[in-house]
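Below you will find one chain, with nothing else, as structure tokens; this is the form predicted alone, and questions on how it binds or moves follow later.
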Amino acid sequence: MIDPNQQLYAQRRIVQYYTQLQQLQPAEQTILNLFRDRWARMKMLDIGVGGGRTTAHFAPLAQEYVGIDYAAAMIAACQQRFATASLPLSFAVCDARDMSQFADATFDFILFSFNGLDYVNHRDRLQSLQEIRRVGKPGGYFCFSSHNLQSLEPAFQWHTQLRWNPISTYVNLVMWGLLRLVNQPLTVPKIQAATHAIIKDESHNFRLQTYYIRPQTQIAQLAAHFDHIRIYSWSTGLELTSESDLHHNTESWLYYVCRFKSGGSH
């Protein structure tokens, strides 16, 4: 059975929206630069490739590039967009929860950008991480972004929406009201007590079920399969290096870079 999130990503206008995106986010540019000397030796898997936004930047650098998405319409858009590209790239319809079409230890670098991991439930998220570990080479790298639960604490409080500009205040309060309405009975104390939560946020008019997680919880979630975990601000591309940085960060999402364990279980 296709879930509501997957149905949304198959809609024509949503596919068109993602196909017109071109720019890397600051954290993605940091990651691209971080591995600049290694791309030519890396076989890369780009999960949740969407309309090919990241393809244009990573595919020309990688030794081999494979883009996958669970929405067939997204893959068709990518194939059309890069039909004339003379690069070692390919696209396939594939779900991160079941990547059995790929053998164990196939990829040196796996990217799951634009919070793609956040659009499945908790059980399927853990299953996706297991599959990503399985198809990744020991010593290789996994990079992904995820929504920050700490960002919801101010977002759920009405007084944080106030601005000097009355029009901005009005718009913010309307969005705040909608956020609270579609997420009843979630409250600020419940958010503060949670390690992760499924939220309907403003993305695509509050129609997506989105997974939010605290950075410390995300680190613990990764520990079974990955090590050398580093976290980056999505908006500045700068690394968050202290416990205080993680605890107080309220950005909407963060980027994580980690390494596949060399002796870990598949």
Ligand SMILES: C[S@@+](CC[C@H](N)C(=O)[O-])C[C@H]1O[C@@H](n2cnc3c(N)ncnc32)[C@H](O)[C@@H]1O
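What you see is a predicted model; the values in this text were computed from it and never measured. Counting begins at 1, following the sequence as shown.
The form predicted in complex with this ligand is left out here; the points below concern that form.
For the candidate set Gln150, Ser113, Gln161, Asn183, a heavy atom within 4.5 Å of this ligand in the predicted complex is found for exactly one residue, namely Ser113. With the partner removed from view, the residue among Phe226, Tyr70, Tyr232, Tyr211 that has a non-hydrogen atom within 4.5 Å of this ligand in the predicted complex turns out to be Tyr70. In short, of 217-225, 29-37, 235-243, 50-58 it is 50-58 that has heavy atoms within 4.5 Å of this ligand in the predicted complex. Taking the partner from elsewhere, every residue among Tyr9, Tyr18 and Cys94 has a non-hydrogen atom within 4.5 angstroms of this ligand in the predicted complex. Heavy atoms of Ala77 never reach within 4.5 Å of this ligand in the predicted complex, leaving it off the interface. This ligand is not shown here, and in the predicted complex it never comes within 4.5 Å of any heavy atom of Leu179. A residue is said to contact a partner when one of its heavy atoms sits within 4.5 Å of a partner heavy atom; Tyr119 meets this definition for this ligand in the predicted complex.
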